[in-house]
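Each of the two blocks below gives one form of the same protein chain as structure tokens; they are labelled structure 1 and structure 2.
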Structure 1
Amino acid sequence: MKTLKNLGYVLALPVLLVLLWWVSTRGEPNFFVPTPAALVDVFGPTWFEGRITADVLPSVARLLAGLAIAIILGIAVGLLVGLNRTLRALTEPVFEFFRALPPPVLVPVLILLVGLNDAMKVAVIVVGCIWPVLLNTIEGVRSIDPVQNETTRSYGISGMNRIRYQVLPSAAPTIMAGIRQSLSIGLILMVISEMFGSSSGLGFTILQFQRSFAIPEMWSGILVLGLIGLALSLIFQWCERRVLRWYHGLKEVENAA
């Protein structure tokens, strides 16, 4: 019964939105907004006859590569800066400057530096996704309880052991929040990077549909993007529950008390 109740909560809003969409498109047809039936009709032929391997999978691969690089670099640099007060003071103005730059404006610069290739598309994702992870890691390390720091010093825990057993677990909730932010940013930048001088990918294909007035096909591409975002969110939630199992357990105990 609990499973059915949770499933109802998950599906209630999507079903309601589809019903509203269906009702709003029942009257006079709108060229720019297809009906749900028209979208279903074009979805299969559009994406399951070659575009999955030619456009969707390469786009997802570039997205995952960019996210992985951004997460690894963000956590590594964030730990280094967060543990060094002097380094943090020196780098904070520079980090805030680059964080304020919208990543899409750097696309022309990256095209000049890297070229029109997959490396450029991955670099665009890295440049945009690294900042939430980096800054949240710095903040998570900086806000560690001073009592914990004193305790680890008194027990002689230092170096990599301190980072592994005290710093990373303490900063993990904040780091995971930064990774969650980077997922949506990465999906947006994946599309934007493929709209510049590209000949494949989801962004390129959706743009081509728009330019050729293939409106149902264009909306089907947007639906694919939404499904990819949903899959990323579900996978992240699964990973977060396992990485932060101790944290959620602690919160449950505190709430019960």
Structure 2
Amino acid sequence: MKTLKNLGYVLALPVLLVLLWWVSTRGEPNFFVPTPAALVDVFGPTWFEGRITADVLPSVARLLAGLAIAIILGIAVGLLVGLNRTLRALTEPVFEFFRALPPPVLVPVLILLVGLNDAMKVAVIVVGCIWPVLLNTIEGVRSIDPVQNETTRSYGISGMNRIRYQVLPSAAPTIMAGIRQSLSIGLILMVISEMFGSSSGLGFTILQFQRSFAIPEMWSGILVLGLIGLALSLIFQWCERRVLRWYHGLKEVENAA
């Protein structure tokens, strides 16, 4: 009974919105908005007859590669800088500039530096996504509790052991917040690096549909992008809950007190 009620809450509004969409497109055809039926009809043939392997999967692969490199590099450099006060002061203004630089402007710059190829598209994602991870890692390392640091020191825990057992877990909540920002930036960059002078990929395909006025297909592309965004967000939430189980428990206890 309870689960049925919950299911009702989950589905009610989406069903209502689809109904509204269906009713409002039922009369004369609207040029900009296809009927739900037309979108469903066009979705399969548009994406599952070749485009999924030719455009979608390569796009997603580039996104994941870029994100992985950005996260690893961001954490590594963030640890290095965060653990050294002089290095931190030295790099702060430069890093603040790159954090504030809107990542899409990197696309024309990297087209110049790397060329119009896959490496450029991955590089755009790396260079755009690294800053939130890097800066959050620095902040996470900087704000480690001093008593915690004295504890590791007094037990002689240093070097890689200290990073592995103290610094990384302690900074993990802040690092994860940075990664979450990187995900949405990465998705934006994946799309626009393909829209800006490219001849394949998801971004290019959707723009191509729009240019040839294939409206239902264009909408189906928006839907695909939405689904990728949703999937990415769900995967992240799942990972985050596993990695930071202790943190959420701790917060709950603190909030209850």
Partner chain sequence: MSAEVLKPGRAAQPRTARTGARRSVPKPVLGLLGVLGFLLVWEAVPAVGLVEARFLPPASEVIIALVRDFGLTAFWLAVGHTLMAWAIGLAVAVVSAGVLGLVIGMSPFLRRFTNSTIEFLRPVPSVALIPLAVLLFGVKIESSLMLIIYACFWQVLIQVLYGVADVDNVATQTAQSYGFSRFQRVRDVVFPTVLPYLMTGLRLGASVALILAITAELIIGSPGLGREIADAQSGGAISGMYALVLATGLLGVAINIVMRQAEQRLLAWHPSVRGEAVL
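By convention here, residues take numbers in order along the sequence of structure 1, the first being 1. Between two forms, the rigid core is the largest collection of C-alphas that superpose within 1.5 Å. Keep in mind that this is a model prediction, so the values were computed, not measured.
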item	value
Which of the two shown is the form predicted together with the partner chain	2
Value in Å for the CA shift of Leu16 between the two structures, taken after the core is superposed	4.1
